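Just the one chain here, laid out as structure tokens, in the form predicted alone.
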């Protein structure tokens, strides 16, 4: 007799419950409702987008184990958000590895910009830390390609708002100039599109596509370092854009002069326009960011709690917002009061991982030391079993403990392709589910990574 979606989910819950604490289980899994079961695909409804993101981030391994355990190797899981959020589903991120080339015979095409509609000037808090950058960005948005700020390069540390500001420029341009073609792209997507163009023997179509673009935004340009073909094509696109008065916007984690593995001719062109930096927000700006974060929430934070957060999270806007989100989650789902005790509990978790800044280099050193390997071997193409194992574990830990994308992680391992990183992480996760001894090794390495930061 076939089982229905309710029975399947109940069996999944039994498996999940044995793997996590009762408090976590009651908070994150009890509110979920099974919706349907079709062709081994179970659809569940989650209370909110935040719940979905939390499940994907914190409990994906438990969910995978449960689904495969109940439905077999072909089992899959899909999420359904509440009706009130369904109108936003059209804004979901699309697969940008699909060939975006021009349609033959058309002089100009409409282009999917890939912009995040939530990143606007209106919710980008201005302070001394970003005043010049924001002002210049707004000037560019009002007259793309028509100011001396071309190219515009925004640089600064992780979590300081570079990506938000870049998207805000793009969204403002779209509002002011509806027929203006904008494209936002990451180095990973840019390289993937070039690889596909070369494979399909249509590199000319790739270049022709970019001639239809009026403004190009490339985020985290430093991750193109060392990619010779990508840099060559970027150089040609850059020249064509500049000569035709089209706008170029780049973000980076460092100044152009400090970019390693970047062609000198490109660096010299980066200096043609405006180079502006973002610095860590001062106390007043951090307070304003929290107020903006809470403006769409029904929950209020006492002033003392906001002050406590600002004194403890000082260098990273992303962490500041993450702490607020976690406090909201705890207060809403666990029915707790928002007070200093709750703030302290949440911040301790962020401090242990984020403010201590677990880096990929730190992870590589720990893993290489465990396997008694030269750390440079993790960047090699060697297929020796112990080197492959150490490399895959390092990539897995990098994904778990940093906020880097697959492509960015690959860049730290000798320029490995994002698909290689995805395969490595998947391999480790599969072994964690079936090999107890391997699981103990990885757990010990996780503890060692954390311990090295406390000393």
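Residue numbers count along the first chain shown, from 1. This one's a predicted model, so the numbers in the text were calculated from it and none came from an experiment.
From this point on, the text means the form predicted in complex with a small molecule, which you will not see here.
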Would residue 293 count as a contact of the small molecule in the predicted complex, using a 4.5 angstroms cut-off between non-hydrogen atoms? yes
So, residue 247 and the small molecule: in the predicted complex, are they within 4.5 Å at any heavy atom pair? no
Would you classify residue 369 as touching the small molecule in the predicted complex, given a 4.5 Å non-hydrogen atom cut-off? no
Look up in the predicted complex whether residue 261 has a non-hydrogen atom within 4.5 angstroms of the small molecule, and give yes or no. no
Quick one: find which of 265 to 273, 193 to 201, 116 to 124, 370 to 378 has residues within 4.5 Å of the small molecule in the predicted complex by heavy atom distance. 116 to 124
If you check 81, 207, 158, 328 against the small molecule in the predicted complex, which one has a heavy atom within 4.5 Å? 158
Between 174, 318, 254, 242, only one gets a heavy atom within 4.5 angstroms of the small molecule in the predicted complex; which residue is that? 318
